[in-house]
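Below are two forms of the same protein chain, given as structure tokens: structure 1, then structure 2.
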Structure 1
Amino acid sequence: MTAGFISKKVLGALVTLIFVVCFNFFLFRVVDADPVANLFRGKELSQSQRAELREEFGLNGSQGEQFVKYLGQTAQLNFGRSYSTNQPVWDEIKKKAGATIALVGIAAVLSAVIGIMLGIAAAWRRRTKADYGITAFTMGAYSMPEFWLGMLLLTFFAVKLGWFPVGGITDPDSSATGLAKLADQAHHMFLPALTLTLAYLGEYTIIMRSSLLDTMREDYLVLARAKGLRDVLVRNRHAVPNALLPVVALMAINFGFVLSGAIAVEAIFSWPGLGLATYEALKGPDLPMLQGLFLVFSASVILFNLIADILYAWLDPRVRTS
């Protein structure tokens, strides 16, 4: 893979990022001439409060001036202060990012791995009970709102059976450290991670199944069998690597979904990450926080797209060597 290819992709990602940053500006100012009035509808605001808020939002001065000022601040990761905590938005985000990265990371990896394996199993046993069962299961999981699944799991396994804590990331009464603390956190993470994994593996299964079915018609598999390879090896060495390519392309999109899904799921399990922060910022509404979160979510999806693009090119020699 050439350096030219990578720099082209990185440049593309940067342009997209700049677009999102600009879009964010217009979202809050052009779509709605007076976000202050709208966000605080129903609340009495004095003239001076209003002026103060307008200043805070950078709504004074001409649009051009506002835009330049906004760009400068964004470049310095200055997204203003959160209303609810009065801390800089960026500090709040940094503080909460870890919990979300852990949850979303684990769920994204698990849903991909399990989803792909189910897809392989279904395609390989096409038109058998296993195939129908897997397809029905994934269709069902795909059709549920993820937070509803979270509510069901929470009610049953945490409230009714008491196997898992009902929320949070650690037991507030516990003073455990080291491994014990990690185990406690894993215990807390189990249900939210399970919810996200189940909710998002369906896409992988469906795509992997259909991709593998396509691949299984390929002539090079007949050659592999003719060479004397066992069926399992024909599948693992020849069919799966080819069938995986379209799935890699899906990964970035799906990552965006898992990240979005984390908003409601973190709210349900009071998982103290960016999703819960979004949920709380919405109830405020805490506009600077929402803006900052929007940018962070978008930037991470863009980053993931970039990674997926490069991974795809690296996996497919036809792209890599051209």
Structure 2
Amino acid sequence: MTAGFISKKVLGALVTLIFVVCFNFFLFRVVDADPVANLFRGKELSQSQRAELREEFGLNGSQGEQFVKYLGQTAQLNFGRSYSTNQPVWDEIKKKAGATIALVGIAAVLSAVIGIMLGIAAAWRRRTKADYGITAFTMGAYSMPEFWLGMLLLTFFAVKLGWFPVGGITDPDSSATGLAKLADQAHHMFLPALTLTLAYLGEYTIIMRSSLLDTMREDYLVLARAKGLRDVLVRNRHAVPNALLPVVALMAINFGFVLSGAIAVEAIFSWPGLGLATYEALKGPDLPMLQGLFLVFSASVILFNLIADILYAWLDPRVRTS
């Protein structure tokens, strides 16, 4: 892999990020031209109080002056102060990011691993009952809206059967520490993680199945069988490694969405992560919080798309010369 190829990809990612930073500023000014008036709607504020609030939230001065100030603050990871908590947005994001990374990260890994295994099984047993059953199940789960699937699981397993808590990350009355606290968090995480795993499962399964079916038509697999290799060795040593290329790229891209989490799922299960923070900020609207979240989400997607491009080119040299 040449330095020129990597430099080209990095430069493209930086240009995209700069565009997102600029777009981020103007987007939320279009959404609400005077957030102070909406935030304190119904309250009698004097002109001096309004001016003080506008200065506190960085809304004083012309739009050009605000833009220059915004660029300087963004470079220092200063996204302003939340309207609802009056705390720095970056501190709020850091505080909530861990819960989202844990939840969506675990769900992404599980869906990738299980989806790849199901895709291999479906492709290797194509046009059998196993293939039809796996494809129907994964596509059915993939087609369901996440919020609807989450409500079904919550209603049945948490409300009706009472096997799992209805929300939160820990039991509010619990004083457990160490392994007991981790077990309590895992108990709370099970249903939202199951929802996201089922929701993401289908794309990995169908892409792995399609890629493996294409690979199985290659001449070198016919040659491997002609040499007398068993089917399981042909599959594991020759077919699967080559069929994994598009799935690896998909995994890298999907990990870019880990920080953004799943807004609907976190809201349904009251999971205190970035998804729930986005949902709460939308109700305000808490524009500094939304602006900071949008920028962090976009930056994570751009970063992992860059990783996916470089990783795919490293795995498949044909990409570098195309």
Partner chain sequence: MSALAEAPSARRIAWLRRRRAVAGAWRDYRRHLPGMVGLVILVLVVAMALAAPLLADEAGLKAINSTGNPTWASPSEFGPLGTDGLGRDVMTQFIWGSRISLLVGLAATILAMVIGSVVGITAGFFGGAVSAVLMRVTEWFLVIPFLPLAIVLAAILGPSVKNIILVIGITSWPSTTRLIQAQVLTLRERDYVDRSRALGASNWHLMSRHILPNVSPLILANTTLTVPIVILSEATLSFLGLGDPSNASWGKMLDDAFESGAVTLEAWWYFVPPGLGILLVVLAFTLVGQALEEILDPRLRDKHG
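All residue numbers here refer to structure 1's sequence, counted from 1. We call the rigid core the largest set of C-alpha positions that still match within 1.5 Å between the two forms. These numbers come from a predicted model, not from an experiment.
It is structure 1 that shows the chain in the form predicted in complex with its partner chain.
Core-superposed comparison between the two structures: the C-alpha position of residue 252 differs by no less than 2 Å.
At residue 7, the distance the Cα travels between the two structures is 4.5 Å after the core is superposed. In the core-aligned comparison between the two structures, the Cα atom of residue 307 sits 2.6 Å away from its counterpart.
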